[in-house]
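Presented as structure tokens, the chain that follows is alone, the form predicted alone.
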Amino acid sequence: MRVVIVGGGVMGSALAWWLGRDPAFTGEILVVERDPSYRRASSALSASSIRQQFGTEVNIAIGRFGVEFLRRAEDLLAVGGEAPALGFVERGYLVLAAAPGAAVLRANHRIQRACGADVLLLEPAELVARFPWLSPEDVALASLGLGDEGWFDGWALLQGFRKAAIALGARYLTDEVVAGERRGDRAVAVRLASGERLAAEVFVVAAGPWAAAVAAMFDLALPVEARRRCVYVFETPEPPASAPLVVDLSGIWFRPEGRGFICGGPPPEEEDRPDLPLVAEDPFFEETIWPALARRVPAFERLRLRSSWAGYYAWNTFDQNALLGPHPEIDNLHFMVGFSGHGIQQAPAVGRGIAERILHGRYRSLDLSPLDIARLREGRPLREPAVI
């Protein structure tokens, strides 16, 4: 069997690794990645956090598997005695809600607890007792992850998957897919910018924010757009001690990073357009993010912005959840796209799941079928109420 994976970021590389280590796989794994420096890749530009505080069972299960994988990844992905240093920091997420959002937070909490997540609801007084540096203004309820949540080195995870996949025999081609060939309900080949034609039995689209362009090469429409998200690095003279990743009422978030903090937040809906240049909008920080941070954490009134960057979410406009598995029109063309900002934390579970679909015809370890791409045709959205 030859498998061609379009996109060698964390998703494509996770899949290549899971395929290569499965005893059922015999054949060739080709990963087509146009930029091995990953300069614009979402994998490299991610804030690289992981959580279980979702509102759908499948995403909670993916998060639970992901954190267990991170704990073992340095051993699993070691090559020649060298292991990726993921630096997993287990500080949890603290999600704040105003009165209108408290019911959603409680509903999410019930699902999370039923799925085994270690989360705690906090009333405003309890919130201040735990985090005295935080203002409870307008907060009606908060949810705190007590374990299995935090952040890590996403670049190290990407490189770990890539190097381990290559060690198992996967071959990475520095090239770009520019055309696809199909015959009826089968994909038969892709053509590369170099002129090479790659025929295969199985094709996988793991092209992140550019997945819709690849789908169009096979005459398929895909509701995935490149939505810019900016990340800002700042320092403050009196930093809050032992801060978790905090999600404010406005959707603005912050967390510790080294000696300082990083933060970000969604732009106004009317400005959230696809394919904006990957340049951070510093006025957005000055006018919107900083005031919100200072209201929530008085110590942040004296912060200093140090740097910033921008990356793309592969935004699924249909329901902001992943689109996985074989396309109903082309049964040997698989997708792992549309993660809407959750991709790097979901790569371990999704890579394993798509490998199982390809090799065994079904999900064997974790049922990812609620995220099947077939729901597009069926008009069956799976809404995720906890998108950050």
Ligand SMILES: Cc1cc2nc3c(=O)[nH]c(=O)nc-3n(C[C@H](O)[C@H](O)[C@H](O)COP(=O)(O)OP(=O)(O)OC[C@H]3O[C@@H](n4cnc5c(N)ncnc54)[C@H](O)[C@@H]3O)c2cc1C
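All values derive from a computational prediction rather than experimental measurement. Counting begins at 1, following the sequence as shown.
Beyond what is shown, the protein has a form predicted together with this ligand; the following relates to that form.
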Practice problem: Run the contact test on Ser48, Glu176 and Val231 with a 4.5 Å heavy atom cut-off to this ligand in the predicted bound form and return yes or no. | Solution: yes
Quiz item: Exactly one stretch in 351-359, 33-41, 64-72, 325-333 has heavy atoms within 4.5 Å of this ligand in the predicted bound form; which is it?
Solution: 33-41
Quiz item: Just to confirm, Ala206 within 4.5 Å of this ligand in the predicted bound form by heavy atoms?
Solution: yes
Quiz item: Do Leu157 and this ligand share at least one heavy atom pair within 4.5 Å in the predicted bound form?
Solution: no
Quiz item: If you check in the predicted bound form, is Gln345 within 4.5 Å of this ligand, heavy atoms only?
Solution: yes
Quiz item: Might Gly145 be said to contact this ligand in the predicted bound form, defining contact as any heavy atom within 4.5 Å?
Solution: no
Quiz item: Among the candidate residues Tyr313, Phe131, Phe300, Phe285, which is the single one with a non-hydrogen atom no more than 4.5 Å from this ligand in the predicted bound form?
Solution: Tyr313
